[in-house]
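So this first bit is one chain, no partners, the form predicted alone, shown in structure tokens.
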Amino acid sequence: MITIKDLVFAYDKGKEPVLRGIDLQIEDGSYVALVGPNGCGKTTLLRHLNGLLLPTRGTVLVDGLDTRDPKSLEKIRQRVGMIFQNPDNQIVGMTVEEDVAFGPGNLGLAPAEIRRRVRRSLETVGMVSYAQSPPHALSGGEKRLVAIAGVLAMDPCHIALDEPTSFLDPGGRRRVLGTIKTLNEQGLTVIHVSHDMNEITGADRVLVMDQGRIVLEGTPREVFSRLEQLRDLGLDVPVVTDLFWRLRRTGVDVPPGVLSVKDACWALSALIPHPREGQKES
């Protein structure tokens, strides 16, 4: 479990804090989405989870390990894998295989174990056939998958992703989101910063940040039902949710918080009168 208590953080002494008293628990194996307007502190919070940033005040505990303890940082960074918004910032190898091997190689693992981890990680993200390819020749989506594979080779318990689908085409976005879903189904904790509400409808919890604080949290259905509050923060909601909100405002009796096209079809079909048994359809 990741536990955050009264987290306050300022980049410079005497400056206004970017994070203002965050209290949060993230349970093992859960899928948590973090959203909010630009500058609200999402990335800053994410970088506290593996000790890239340290609290000005308060504590961040990863499976009981305090990020402020220098002796714990190596273990914490093995437990919490970080995927940056720009994958070029964390790809260092001349080939995909070499890049994925970089992390476990620095752990001093045996060559056979490194090869096993590289193969397993590339299989998980569907990039085995690219093992000998130079990373600079890959698409944006493929680079993100390589970055994820490099983190997986460290055998983490939790994975934190900072807008992993930004600037991707629809195909690349689907591959990355499918990989994230698979990782969570395999038991990894996922903390996913996103600007696209449509891609986080499958999360267990959604945390909404504003001005360094968590101002709203709950299941996707609960959070997206607060459409006016989200719009006051400059945030959108999934297209289907917005459609049903507009229908409710015109007096149509549809449920709030509908998230998917499938749920929308069921809700709308319930409004259509069906012929009684023995009655002919007109």
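It should be emphasised that the depicted structure is a prediction, and the values quoted were computed from it without experimental measurement. We number the residues from 1 along the sequence you see.
Quick note: we don't show the form predicted together with a small molecule, though the next part is all about it.
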Under a 4.5 angstroms heavy atom criterion, identify the one residue in Gly29, Pro37, Pro255, Gly218 near the small molecule in the predicted bound form.
Pro37
Heavy atom within 4.5 Å of the small molecule in the predicted bound form: which of Thr56, Thr59, Thr43, Gln229 fits that? Just give me the one.
Thr43
Which single stretch, out of 218 to 226, 238 to 246, 60 to 68, 43 to 51, brings residue heavy atoms within 4.5 Å of the small molecule in the predicted bound form?
43 to 51
Contact between Val18 and the small molecule in the predicted bound form at 4.5 Å, heavy atoms?
yes
Given that the small molecule is not shown alongside this chain, does Tyr11 nevertheless sit within 4.5 Å of it in the predicted bound form, heavy atom to heavy atom?
yes
